[in-house]
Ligand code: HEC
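Below, in structure tokens: the form predicted on its own, a single chain.
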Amino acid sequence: MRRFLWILIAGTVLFAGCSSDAVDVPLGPDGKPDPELVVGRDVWSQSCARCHGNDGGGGSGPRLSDGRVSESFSDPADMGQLILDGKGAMPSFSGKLSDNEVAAVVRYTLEVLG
């Protein structure tokens, strides 16, 4: 019984760690999500959520949701450059993300999390 309990606990922890709580991409008028926003969500989940939180609510990195990122970056190109260059504790993603991935995660952050 004790061994079963440990297996159950370990399985629950592994499953919870693998699940994604990233904010869903809204559906467009055609009933399908915007493909670029889907890429942005995936990049966010893999590269950003660990520090900024799944919903942009912050963590070891600053909060980006609730309009904060829009206030800080009125020009999306500036946000893309920050992602590429990094700043302070935020690493550079230059050479790790393609231009299309950077554009997608900028849109996702501004339009979905923002």
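These figures come from a predicted structure and were not determined experimentally. So that there is no doubt, residue numbering starts at 1 and follows the sequence shown.
Same protein, other form: the form predicted together with the named molecule, not shown, and the subject of what follows.
> Taking heavy atoms and a 4.5 Å cut-off, does residue 52 contact the named molecule in the predicted complex?
Close contact exists here: in the predicted complex, residue 52 approaches the named molecule to within 4.5 Å, heavy atoms only.
> Does at least one non-hydrogen atom of residue 69 fall within 4.5 angstroms of the named molecule in the predicted complex?
Yes, residue 69 sits close enough to the named molecule in the predicted complex that at least one of its heavy atoms falls within 4.5 Å.
> Taking 4.5 angstroms as the cut-off for heavy atoms, does residue 87 touch the named molecule in the predicted complex?
Residue 87: contacts the named molecule in the predicted complex.
> Wondering, does residue 97 line up within 4.5 Å of the named molecule in the predicted complex on heavy atoms?
Taking the distances in the predicted complex, the answer for residue 97 is yes, it comes within 4.5 Å of the named molecule.
> Scan 56-79 and write down, in order along the chain, each residue with a heavy atom lying within 4.5 Å of the named molecule in the predicted complex.
Stretch hits, in order: 60, 61, 62, 64, 69, 72, 73, 79.
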